[in-house]
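Let's start with one chain on its own, the form predicted on its own, as structure tokens.
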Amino acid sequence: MLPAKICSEFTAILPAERFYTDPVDCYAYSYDNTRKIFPPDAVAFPLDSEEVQRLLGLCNKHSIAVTARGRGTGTAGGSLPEQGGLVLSLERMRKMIAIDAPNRVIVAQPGVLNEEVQRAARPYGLFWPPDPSSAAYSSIGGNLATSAGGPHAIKYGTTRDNVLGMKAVTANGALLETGCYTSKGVVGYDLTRLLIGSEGTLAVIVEATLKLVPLPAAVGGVTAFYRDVTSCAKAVSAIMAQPIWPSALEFLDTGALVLLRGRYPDMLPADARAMLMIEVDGSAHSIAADSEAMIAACGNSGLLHAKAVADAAALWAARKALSPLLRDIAPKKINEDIVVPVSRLADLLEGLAALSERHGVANVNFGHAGNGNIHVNLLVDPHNVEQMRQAEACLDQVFDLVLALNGTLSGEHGVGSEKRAFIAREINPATLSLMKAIKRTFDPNNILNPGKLFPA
């Protein structure tokens, strides 16, 4: 609990309705999608960058931990206030500052939702490429904090590739302006890309200049079903070796198909053990030829059949239903978003199957195959001590497998608290040391999301 004297300093900055200290009011800001709970001492709701500057300056003065938060949709624990202190909720910073269609730019505060950006851009024939499955609920600030991706990152890139610049506040209340308003610019260090993905450990983002791209004139879909997972993974390599890339390429393994059959019984052939959902976009006259090229690349000895589909939207509805379906059967599932080179995808999936069997832990895999980004879901009962022990041992070896295949431990969910213990396996000591030095430069008193990203 914060002392009354310090609380009075906060209420000199914000009115009482935008500064919570009652534990009941604060409880909603104590958890994220990990379902773990760490109650904060207080929650503040700034409306503009000046209020953020004053709040951070006050927290820095009193060495109060600050956890910046969007909508709490993250799955890596990045917005958990593990050390109590202040949750800086940016959800009320919801202004769309500028919609500049001629320059394909939107400038927005961090509390604007991803879907709201899409709605604002659509009348101008434009869109913002990052499209996480939580787009309807996740905020721009949260997307930037984790460099969110989504299915269309295969063609259009992740958040880091689609932001021109930003304003952000450091721990001592200084306002930074990074990047520029143009698509080309090389003046100074690229602090924009440094801050994107830093999970609130370096500065608090208060404004972002988002790079828009034209909506495609037409979109087509292809489904391909396989008798085994390995054949499906090999098809992904063949598809990505073509000169024409899909705009999305999603993989579903046997376990994922079992779940979908329960919800969409007429969608899948009974003998399918793996599936690809492929999207192509472009001009109206190119869609048919591009779809045929995808179907041709899908062909191998394990293919059951592949065909173009008219309703691509139905495919994405089914794909986005997977995570909620998994939550229904395993509310405390362990969800990881590892990435390997596309050419090693078959090795990864074979290795995951072997580890699942060895440790006796059910596993469902799906994800953005075109990037080699697979969501590994270990289905566990947290009350079963032995099962949790086996799951932890399995996950440990999953990470070793990923790194042995020249992969990375997170593609879009971030590190947060869930993966920090494993980071030293991927990042060497000299690099970690430099990252910590950068953290100290931005945040010398270690108040910004302390304890996240780095191993203890």
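This structure is a prediction, so every number in the text was calculated from the model and none was measured. From 1 onward, residues are counted along the sequence shown.
The following text describes the form predicted in complex with a further copy of the same chain, which does not appear among the structures shown.
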a further copy of the same chain in the model of the complex reached by all of E116, L276 and E279, non-hydrogen atom within 4.5 Å: no
Contact of N428 with a further copy of the same chain in the model of the complex (heavy atom, 4.5 Å): yes
In the model of the complex, A270 touching a further copy of the same chain (heavy atom, 4.5 Å): no
Interface membership of T408, a further copy of the same chain in the model of the complex, 4.5 Å heavy atom rule: yes
Proximity of S323 to a further copy of the same chain in the model of the complex, heavy atoms at 4.5 Å: no
Stretch in contact, per heavy atom within 4.5 angstroms of a further copy of the same chain in the model of the complex, of 108 to 116, 308 to 316, 349 to 357, 239 to 247: 239 to 247
Candidate from I334, A297, V206, V342 lying within 4.5 Å of a further copy of the same chain in the model of the complex - any heavy atom: V342
Contacting member of L215, V385, I97, V258, with respect to a further copy of the same chain in the model of the complex [4.5 Å, heavy atom]: L215
Heavy atom contacts to a further copy of the same chain in the model of the complex at 4.5 Å, residues of 417 to 450 in sequence order: I423, E426, I427, N428, A430, T431, L434, M435, A437, I438, K439, T441, F442
